[in-house]
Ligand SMILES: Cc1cc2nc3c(=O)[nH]c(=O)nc-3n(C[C@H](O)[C@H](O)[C@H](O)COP(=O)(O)OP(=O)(O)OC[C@H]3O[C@@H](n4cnc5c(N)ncnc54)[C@H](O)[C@@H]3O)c2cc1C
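Shown below, as structure tokens, is a lone chain in the form predicted alone; questions about how it binds or moves come after it.
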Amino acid sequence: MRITCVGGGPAGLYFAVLAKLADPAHEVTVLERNPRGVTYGWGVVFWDDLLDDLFSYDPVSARQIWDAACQWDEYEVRATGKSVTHLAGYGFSLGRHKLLSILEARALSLGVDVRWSASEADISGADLIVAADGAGSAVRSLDAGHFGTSVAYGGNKYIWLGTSHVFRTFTFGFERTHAGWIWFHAYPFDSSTSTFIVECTPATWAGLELDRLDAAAGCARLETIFAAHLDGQRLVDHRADSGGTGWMNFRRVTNERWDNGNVVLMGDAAHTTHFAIGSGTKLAMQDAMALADALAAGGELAPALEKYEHRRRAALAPLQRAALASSEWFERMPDYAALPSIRFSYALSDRRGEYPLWRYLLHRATQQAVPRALLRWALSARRWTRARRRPGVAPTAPAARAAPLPTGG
């Protein structure tokens, strides 16, 4: 089969890898519009469920991703006028550039033809065209009416930035300004860099004049607002060199159909999920797994694409509901600002409104150093137990990756 993947992001590259592993005779091409080595974005986050899947489908690239990932062991919540609190949980983060480098090298080693600075005009002659070219998919737009594409916009303004300040763990920080509340979601993804997503209501955005400032001036203003969190380090907007700015409203993309003849949508081209639950990369790569499984089952292309879509829609539904509830909570964030620190951080944690009472009691208890350390130890043990079941993982490996227990509050 001749397969062309339009888009050299995690979805397109990982599907190319899986297609070649399924049948080395497949002629697989990846078309990436950017030059080689050029990518936008900072870090991505993921959890054990994706790692389990990656080790199941391709242990070679999975091990490289796991080895390169940064691990964080709790969430920290900071807010003006409130004491610092913590939320239980752990996860992994990795620079987008590093992730793509791993997947690109794996694809090339298997014989995938990866073309950079390429155009979607090169798709003729393929038996299967995988549109993995993002939320603004050019391939999808060629027949948006057939796919039934809808785009809804979130209410808040947000921007993806990077910083050389390395946060200790995944951190939410809320600052009250003269124009209202503004906040960040930050996490480390290597030894020298963190992702720093800033979000606020449109009224606050305009009140801080962020609607008028270019990238450099906007970052300078945000550095002043968040100075207490950045330890003197700068914020970087990738769009500064072009004279633009990265502020946007989240686009919630949905499609009534995911395939059209030999064209199939994948990742953000098929669906977007709000960044507040950090699942975009995970869902894109799991799309690739599901499509690879559907094709590997054999038979005609049309039923295989239908099977892929049905499987993914079912898996996506609960996460999309969670993402919508999460994004709506942040749009109402000022309504929660007067809550005491422990109740505020719990409201942030329970922004879907699904937790039983015992979760709140646990949350209160684990703001103390000893219960918090015990909970971190329990989560570390669970992480180790889960990791040792993965193919090719030595039983002692995860213990060396555990972060030290926290000191102080």
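So that there is no doubt, residue numbering starts at 1 and follows the sequence shown. On a predicted model such as this, the values are computed, not experimentally measured, just so you know.
The same protein also exists as the form predicted together with this ligand; that form is not shown, yet it is the one meant from here on.
At a distance of at most 4.5 angstroms from this ligand in the model of the complex, none of the three residues 91, 177 and 226 contributes a non-hydrogen atom. Residues with any non-hydrogen atom within 4.5 angstroms of this ligand in the model of the complex fall in just one of 201-209, 152-160, 305-313, 76-84: 152-160. The closest heavy atom approach of residue 218 to this ligand in the model of the complex falls outside 4.5 Å. In the model of the complex, this ligand sits beyond 4.5 Å of every heavy atom of residue 105. This ligand is not drawn, but in the model of the complex it has a heavy atom within 4.5 Å of residue 187. Proximity of residue 333 to this ligand in the model of the complex: non-hydrogen atoms within 4.5 Å are absent; the residue sits far from the partner. Between the options 364, 382, 352, 33, the residue in contact with this ligand in the model of the complex by a heavy atom within 4.5 angstroms is 33. Note on contacts: among 337, 166, 138, 319, the single residue with a heavy atom within 4.5 Å of this ligand in the model of the complex is 138. With contact defined as any non-hydrogen atom lying within 4.5 angstroms of this ligand in the model of the complex, the contacting residues in 123-157 are 132, 133, 134, 138, given in sequence order.
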